[in-house]
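There is one chain below, alone, in structure tokens, taken in the form predicted on its own.
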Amino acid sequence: MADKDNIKEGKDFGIGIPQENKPFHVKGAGALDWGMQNRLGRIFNPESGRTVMLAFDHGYFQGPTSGLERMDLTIVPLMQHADVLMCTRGALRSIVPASINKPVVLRCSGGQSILSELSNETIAVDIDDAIRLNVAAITTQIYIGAEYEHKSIANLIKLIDSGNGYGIPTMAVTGVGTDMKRDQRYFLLATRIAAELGAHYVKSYYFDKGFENVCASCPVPIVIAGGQKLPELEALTMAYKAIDQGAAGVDMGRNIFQADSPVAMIQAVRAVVHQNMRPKKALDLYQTLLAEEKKKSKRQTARAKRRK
């Protein structure tokens, strides 16, 4: 209890200075409760309003895909350069150091593999476990137009409702079935459905001709998926175009951890997202960092040989 003796009477009340309550910087989140805003504020940088998410949740249906064979060796060194980590609870508990102190978006869907129908998922994580893991957001996929569309939408609704009860935002991932065309018409529909159902932000794909309309029509932020591995310049160009046309960030996996230098690539992506660096200049940054990495590796190899 505070000492009751020598209490000084308040004098500086700031008379004439209106109390300021700054607008929240995340699109569509101005009316959310403090806890929800605080978590979203950890995901989206307050200065740029954007985010670089590092996705390494692929193993939940792909197994040990290239670049994720040993996540402790390939992913952990990248974490310091990411704004957010997107992963499964198994990976989080087994390989992510608690000292990293990065916000986590937790993959909560599962129940199928690449050998079966991808849209037939279920909610695989209870909200109590998400709370125990202190995650910043939870996520599942919706497959609009796929065989199990209704089930995937029901999964999203369940996740949103459970997260709302504890101030945990939900990111909806717009999964695309093999028969779906990745165009404006599809993503206008899929992203809007996700937002209307209550998703706090949406992960979608970038596409040419109309992506800016998708961002404009979605009342919550959109981050783009990296998708399949592209040459570095193409991946950086995709990120630049998406940001330029209204995206609030990227959620990249393979285009980072399958690069020749994942550490250099994630730093180049950060420069594009947070500094609006143009793709060719970002590629120069990537190549410079890659060259420095190779020189460092050669020096370490030489020192090791001398010790022998």
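From 1 onward, residues are counted along the sequence shown. Please read all numbers here as calculations on a predicted model, not as lab measurements.
Keep in mind that the form predicted in complex with ribulose-5-phosphate (5RP) is not shown, yet the notes after this line are about it.
- Transferred by C-alpha superposition from where it sits in the predicted bound form, ribulose-5-phosphate (5RP) keeps all its atoms beyond 2.4 Å of the backbone and C-beta atoms, leaving the site open.
- Listed residues L85, C215, A225, I168 were compared with ribulose-5-phosphate (5RP) in the predicted bound form; A225 is the one with a heavy atom within 4.5 Å.
- Only one of the listed residues (V173, I138, A199, A235) places a non-hydrogen atom within 4.5 angstroms of ribulose-5-phosphate (5RP) in the predicted bound form, and that residue is V173.
- Of the candidate stretches 38-46, 247-255, 263-271, 25-33, only 247-255 has residues with heavy atoms within 4.5 Å of ribulose-5-phosphate (5RP) in the predicted bound form.
- Among residues of the shown chain, Y205 is one whose heavy atoms approach ribulose-5-phosphate (5RP) to within 4.5 Å in the predicted bound form.
- ribulose-5-phosphate (5RP) is not drawn, but in the predicted bound form it has no heavy atom within 4.5 Å of R50.
- In the predicted bound form, ribulose-5-phosphate (5RP) lies within 4.5 Å of some heavy atom of A55.
- In the predicted bound form, ribulose-5-phosphate (5RP) lies within 4.5 angstroms of a heavy atom of only one residue of 107-126, namely R107.
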